[in-house]
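The chain below stands alone and is given as structure tokens, in the form predicted alone.
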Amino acid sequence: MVPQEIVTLLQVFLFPGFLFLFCLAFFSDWMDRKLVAKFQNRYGPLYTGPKGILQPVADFFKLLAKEDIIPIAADKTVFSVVPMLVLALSMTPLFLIPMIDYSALIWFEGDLIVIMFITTLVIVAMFMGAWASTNRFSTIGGMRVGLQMLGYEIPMTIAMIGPAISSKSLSVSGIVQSQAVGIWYVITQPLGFAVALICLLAHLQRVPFDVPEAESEIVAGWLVEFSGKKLALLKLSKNFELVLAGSLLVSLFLGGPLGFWLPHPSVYFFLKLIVCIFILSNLRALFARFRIDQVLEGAWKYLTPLALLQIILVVI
């Protein structure tokens, strides 16, 4: 028998821990780029690895080798710490998601609140990085990051609380386990699923909610001064956030790794994750960019009332 301590270490560092999450992040990036390219009648990643699947890895190491420039007027400490902080904050919630079993690697009552809190800290860290850059485009992008968060944060939180109320648990693992004896919450809470999907798209700052990085207006927004290793870490963080967004939709509304015929629960989880990434990529390719005032108006006038309506229906 393998000691439990060894098993735990293997889970943390190999599967479903750090190494596996890095591979999953790169795979999600490749899939997203490939899907958007197909939707736009392009090829996408093609040559590096089979069907270009190793292109995200090649891009990551290429950025690591690039020159790392820090603006003279920047707050060097904050500017240098933010990429590592964003990466750590983006990766941490994934350990609270049940991927290979009905319970996560780390779980406790209230971990859903912790995940929501960490996603908010990611936005705060992005704003700090933009402000520390002392670049006018970065500053505008950082302000847009904060404003957009004020729009989608409330309806996203309300939408995610719906499954928690139905399951009488504030743990993601508890919500998944409650769907094992009932039905998936996407069936009973379709409004909540739709609102959560849209809000997570805004959290990812993807089209049509990419106004904080609008290249046609503010170059690359809050990212404009980051280069080399720092940009590589921030790009990797976005991949982790994409995985987290899909994983939250799968766990809260689609039953997590629950299934019937396939040999292992993790297979179901990853199939559902692929479906969620497909939806997110489809929306990214389908719409044009919203203005920041349209984002706020849509979130406050439409998404928040719909999320509240879903909560009322759940309580009733």
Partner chain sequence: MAMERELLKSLAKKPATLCYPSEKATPVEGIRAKVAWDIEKCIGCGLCPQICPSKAIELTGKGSEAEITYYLDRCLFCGECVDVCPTKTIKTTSEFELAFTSRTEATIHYKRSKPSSNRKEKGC
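Positions refer to the first chain, counted from 1. Quick caveat, the model's predicted, so the values are computed rather than measured.
The protein also exists as the form predicted in complex with its partner chain; that form is not presented, and the subsequent description refers to it.
With the partner removed from view, which of 269-277, 53-61, 35-43, 249-257 is the stretch that lies within 4.5 Å of its partner chain in the predicted bound form, judged by heavy atom distances? Result for this chain: 35-43.
Does the 4.5 Å heavy atom contact test between Asn282 and its partner chain in the predicted bound form come out positive? Contact with its partner chain, yes.
Given that its partner chain is not shown alongside this chain, does Leu286 nevertheless sit within 4.5 Å of it in the predicted bound form, heavy atom to heavy atom? Contact with its partner chain, yes.
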